[in-house]
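A lone chain, given as structure tokens: the form predicted alone.
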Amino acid sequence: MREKLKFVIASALPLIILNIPTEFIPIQGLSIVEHRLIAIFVMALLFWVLEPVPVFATSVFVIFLELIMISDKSFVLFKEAAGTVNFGVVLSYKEIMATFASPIILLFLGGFFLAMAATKYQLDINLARVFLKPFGTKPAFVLLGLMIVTAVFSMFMSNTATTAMMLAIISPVLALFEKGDRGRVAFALGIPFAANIGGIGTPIGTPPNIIAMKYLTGESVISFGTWMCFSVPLVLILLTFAWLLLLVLHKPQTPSINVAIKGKFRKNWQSLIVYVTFTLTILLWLFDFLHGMNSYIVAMIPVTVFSMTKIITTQDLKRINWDVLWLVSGGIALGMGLEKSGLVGHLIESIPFASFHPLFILFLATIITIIMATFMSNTATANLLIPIMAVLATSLPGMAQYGGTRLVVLAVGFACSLAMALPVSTPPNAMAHASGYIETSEMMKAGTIISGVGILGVYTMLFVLKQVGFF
């Protein structure tokens, strides 16, 4: 009953907006196409927040509505006003459908192939075993090791998959803590927090990063290696802070623990191909200025190699997170519609943004982002806000001197990943909460503090980048 009510609410308001006469909407110069896009945007917002249907289904619905309502091959009833002065700019149906095969989607697909191959041939488990060995048996340092390993894996693998793997590894460890030992909570929270933070480290680390990359083009383009140059230091700082915070809030009392990870590196030809391809792909991403291929082209290397060598099979393909790719595709389509129709431009003209200081607008944007991402999918938040903020950054004259599109898109993209106060904020949080070792209040307290410090860290990073001439 509750799901039906959510569906009715999420559907009713867009229909009401769609039936309001265009001239009654207080946006100067609004066209019919832009009017329809407002209804689609509100629908997407409500469906992504209330989730009466899966979030990926909402993205598919967005693309479908754009095709039948505002494309050059739209349904005949929506073409009746075509040719009139106030009809507006229609979108190419080919461009809308091409969002399913956007270079951004293929970049993410390359990351999925790397993650699947690493898991299938136990590269991830064995790397975890090697990386954790130097941290000994003292709980504080074992926690640090677990968080570092989780963060590193989350840079190149799905943070959801990384969290699942690491929670499975520490599950026997959590049972070693004595009853009432707060260290258990520190370990259970350390994994999802490290996964969320680590995802910031690379363009493929988390869906908001991928969406941000879509709008970092032309003069604002950022290479894979350049992204890591400024994001990895931020990850290290936030990871260290999160580790210290968890030790203060939930100090372990158990004198020593031992994380026993069994396994060894395989030496068959398939495993060797996985090792070489994984290493080669990351190196090519990092040093793209030497070979000239961008990160999208490099992402096709693991897809091609693993497909041709049957390391990734038909059955493996069925386990890819296609829902994430579809979710991002819908966001790209929505952003394209907002930009190419001119709707964002008219919205910006209707609100006196020019009277606000650019840094205040940046502050407001990140605060709104982190609040929305706390209560809904961070990918959906990025889908909704990044397109608007990207156009806003190029439309306000004063924003250019502070970094323009790069500044705003990076700030909003990072803010999406820093929302980690609730179990619903991110999949890693939800998985950790489901373990039964964490209370919501404990996650909220630590997550809110980390989110606040993280935003300050983002501001500091952007200031430093401005000083060194990056913006």
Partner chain sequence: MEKLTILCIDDQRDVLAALRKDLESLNEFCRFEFCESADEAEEVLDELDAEVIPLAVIVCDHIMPGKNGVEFLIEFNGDARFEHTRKFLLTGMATHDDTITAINQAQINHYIEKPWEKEQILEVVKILITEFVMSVGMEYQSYLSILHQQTLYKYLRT
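Residue numbers count along the first chain shown, from 1. Keep in mind it's a predicted model, so treat the numbers as computed, not measured.
The same protein also has a form predicted together with the partner chain, omitted here; what follows describes it.
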Query raised in the report: Pick from 209-217, 137-145, 119-127, 336-344: which stretch has non-hydrogen atoms within 4.5 Å of the partner chain in the predicted complex?
Result: 119-127
Requested in this report: Flag Gly29 as yes or no: does it have a non-hydrogen atom within 4.5 angstroms of any non-hydrogen atom of the partner chain in the predicted complex?
Outcome: no
Query - is_contact(Pro172, the partner chain) in the predicted complex, heavy atom dist at most 4.5 Å - result: yes
Requested in this report: Would you please decide whether Val391 lies within 4.5 angstroms of the partner chain in the predicted complex, comparing each non-hydrogen atom pair?
Outcome: no
Query raised in the report: Is Met431 close enough to the partner chain in the predicted complex to count, meaning some heavy atom within 4.5 Å?
Result: yes
Report summary line: In this chain shown alone, the residue from Leu286, Leu167, Val305, Val90 with a heavy atom within 4.5 Å of the partner chain in the predicted complex is Leu167
Report summary line: Within 37-64, the residues having any heavy atom within 4.5 Å of the partner chain in the predicted complex are Pro54
